[in-house]
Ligand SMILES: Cc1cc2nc3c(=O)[nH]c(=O)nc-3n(C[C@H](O)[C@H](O)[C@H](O)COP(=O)(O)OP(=O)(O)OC[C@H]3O[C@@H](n4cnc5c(N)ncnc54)[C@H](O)[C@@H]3O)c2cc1C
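Here's a solo chain for you in structure tokens, the form predicted on its own.
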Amino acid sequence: MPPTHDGEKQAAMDLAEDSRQKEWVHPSFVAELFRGRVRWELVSPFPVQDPEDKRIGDEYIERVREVLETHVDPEAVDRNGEVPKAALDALKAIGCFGLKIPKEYGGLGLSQINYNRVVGYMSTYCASTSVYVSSHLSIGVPQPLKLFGTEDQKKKFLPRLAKGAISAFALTEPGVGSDPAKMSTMATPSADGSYYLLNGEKLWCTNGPVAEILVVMAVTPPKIVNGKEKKQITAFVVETDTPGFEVGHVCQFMGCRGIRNGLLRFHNVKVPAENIIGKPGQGLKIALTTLNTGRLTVPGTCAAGARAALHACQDWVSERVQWGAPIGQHQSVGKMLANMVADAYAMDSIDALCCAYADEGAVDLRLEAAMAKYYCTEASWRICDDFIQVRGGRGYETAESLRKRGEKPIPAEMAMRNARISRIIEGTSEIMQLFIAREAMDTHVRRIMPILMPRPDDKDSKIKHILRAAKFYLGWYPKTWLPGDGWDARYLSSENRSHVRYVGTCAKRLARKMFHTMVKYRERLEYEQLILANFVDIGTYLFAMATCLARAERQLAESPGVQQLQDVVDLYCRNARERIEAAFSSVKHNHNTLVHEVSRAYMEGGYEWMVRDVYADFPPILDPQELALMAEAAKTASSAPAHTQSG
């Protein structure tokens, strides 16, 4: 049953649809996978980092290590909620804030793989410190300027950013999460069009409270299309020393406690028209495109964190003896350890492949990047949970407390708190599922929806769309029943070669089931998010399997006969196949209607009786006057303006 607020929902969907990339200029392994074709040549031979490029990364990581060990105490950062200014200054001095900025603009111009290696290493030492750098470079001002900025904009801002002028990305608002149609921050053009006045609020802007330069998404005057207003969102470069900008609040979080993230306010902030990135109305498209490569940092840090957890567990599971044997020898613990190893290998493989795609530029990685973010953050959370469980009480205890008792200070609980944000930032797991599902169904949406729901501006007749669709499906659909695609994996074991065949066959089965579902639900499919999520999970595990198999083939070709590698890939693929089959079953046999009924009843107060005896009163929300007085008191107590404070 469709939800209420259909008009608002349709407006949001139309805006998102207009902003998405509609063309596939380059091939995509995942896009082809959802169409039933496995293009093994896009993953095999698995890409390997150039030795000279690896040397550059190795040397730079050593410089970062020296800075971190000299200036950063991760426990103190977590306890005090502050990254030392000396640490940030030292990182700026070695060019860390220019890692991805091209050399011609004063940056280091590192490859994506080296960038992920550096930020991943930093995150295993101190997550908060790594966030300063990754938020600045991955989604801050440098990335959209590199992709869409004019040469004048690049020359003006990129050298400053490379030297350490911290930047941030301002999209989210207090009342707007992932729904840009409700964005209210306005940019009003002057009469002569030379500048805009920016008014509104942005929330959860990482680095925002300490940033010198922001990229801000704001609503600009609408266009009139077919007699109707069409909302325009535009991207601006905003310098925070401009009058009218203020930091309204610095947020505090359960993890990554040393980051600076907050509420930003704009009151008649004057922004020159030449500070528009791209063209007016392209803001959301710029944001989505920026995130395609920008969100690759998240799987990189997750993969590094998984390896760190394995390293921290290794001695413990052999030394800790219970019931006459090391705990790692007990099957229940052994299963957790084996799955941690398998998932870590898959995460590392996906990260390496996506970084290679980004460096080569010959693959459209919008789906691969989203899938990497979705998969690695979910797997990271599983690994953190098992890491805590394997460590037992010591996993729940803080590193500081362990040290004071004379034990090895392994920060498992802090790692878990830091990792939890990964499933939320840069697109929650649920938003990633919806994004991937929309792109996965694109083959059918652009052929079937013009027939079911023709647009007013469509110049082609319904008959033309029917004939085109019939021609495509008569050629495509029978192929989904043919044997799957494979490749000559000569170094893989017979078990792993069977997984190669499974990927090829299952991709066709997935494509066929998606088509059947589209035909069944038609325009109502957008409301069947749980079914779409199952398809996304199937595609994600097939992508992970293919990546692991291709990487293992490459590694075994260089070092034949490594049984441990054959085993870990076999285990990963067996686990993935179980999850895939469960997801296929859930498409057909589910209780989604019952889920809807219970959740609807809860929203309408139908389960009030369950919570009557629970003390759940919360302190009252402070009124705006009290908040203003508190903010004024904080400013008075500070020796520097809020937006220039460091750490």
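This structure is a prediction, so every number in the text was calculated from the model and none was measured. Note that residue numbering follows the sequence shown and begins at 1.
Keep in mind that the form predicted in complex with the named molecule is missing from the display, and what follows is about it.
- Interface residue remark: W204 is counted as part of the site for the named molecule in the predicted bound form, having a heavy atom within 4.5 Å.
- The closest non-hydrogen atom of I538 lies beyond 4.5 Å of the named molecule in the predicted bound form.
- The shortest heavy atom separation between Q112 and the named molecule in the predicted bound form exceeds 4.5 Å.
- Using a 4.5 Å cutoff between non-hydrogen atoms, F169 counts as a contact of the named molecule in the predicted bound form.
- Comment: 252 to 260 is the region of 218 to 226, 381 to 389, 483 to 491, 252 to 260 lying near the named molecule in the predicted bound form, near meaning a non-hydrogen atom within 4.5 Å.
- Among L88, L158, I425, V568, the residue placing a heavy atom within 4.5 Å of the named molecule in the predicted bound form is I425.
- Residue I431 is the only one of V519, M449, I94, I431 with a heavy atom lying within 4.5 Å of the named molecule in the predicted bound form.
- Residues of 302 to 332 are not found to place any heavy atom within 4.5 Å of the named molecule in the predicted bound form.
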